[in-house]
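In structure tokens, one chain follows: the form predicted on its own.
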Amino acid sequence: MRHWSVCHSRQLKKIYEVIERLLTRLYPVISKFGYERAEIPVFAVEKTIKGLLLDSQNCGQCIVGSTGMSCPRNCPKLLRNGPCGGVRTDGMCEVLPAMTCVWVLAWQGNKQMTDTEYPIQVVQPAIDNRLRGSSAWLREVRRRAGETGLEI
């Protein structure tokens, strides 16, 4: 499925953005309901969709929009900012030789997502493992609400 999501990264990115916009518009409802109570159902939907389409590992800090719709947590070394020095010349993983390097796929998907910018080149912060198994979508809603000046 990883190869499919990378091949369709442009379309998946648009769908992903629609979901984020929808959840951001639902901010007033989510905030009244409470983020803690919304976490369980939203995460269940997010886990299902992203697991099926993106082979997501549910780190709670999703960056697939910057990595060509390839989840970097599928890297056996869990690298978040690009391939290790051991990626093989044929693009295969050094640790799992039968697997295409997640970062080779990420670069391919990123090139398809946009013609002008390459968000894959932005250095990402380290993973906060305390957020594993929580909704990255809800975290994004809270971030966007803060940026627009809405009360969080």
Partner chain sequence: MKLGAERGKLVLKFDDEPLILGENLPIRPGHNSPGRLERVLRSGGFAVTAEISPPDSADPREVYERAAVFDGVVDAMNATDGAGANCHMSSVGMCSLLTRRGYAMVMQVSCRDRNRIAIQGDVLGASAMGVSNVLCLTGDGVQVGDHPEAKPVFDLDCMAALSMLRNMRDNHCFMSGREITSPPKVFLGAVANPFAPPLDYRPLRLAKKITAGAQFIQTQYCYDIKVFEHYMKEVRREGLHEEVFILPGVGPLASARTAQWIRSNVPGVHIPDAVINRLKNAKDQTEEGIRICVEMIQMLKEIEGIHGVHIMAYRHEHRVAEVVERSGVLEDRVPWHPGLAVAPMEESPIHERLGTVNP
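Positions refer to the first chain, counted from 1. Because the structure is predicted, anything quoted here is derived from the model rather than measured.
The same protein has a further form, the form predicted in complex with its partner chain, not shown here; the description that follows concerns it.
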For the three residues Lys77, Gly82 and Val95, verify that every one has a non-hydrogen atom within 4.5 Å of its partner chain in the predicted bound form; reply yes or no. yes
Any of the heavy atoms of Pro28 lying within 4.5 Å of its partner chain in the predicted bound form? no
Although its partner chain is absent from this view, report whether Arg88 comes within 4.5 Å of it in the predicted bound form, heavy atoms only. yes
So, in the predicted bound form, is Cys62 in contact with its partner chain at a 4.5 angstroms heavy atom limit? no
Heavy atom to heavy atom, is Ala38 within 4.5 Å of its partner chain in the predicted bound form? no
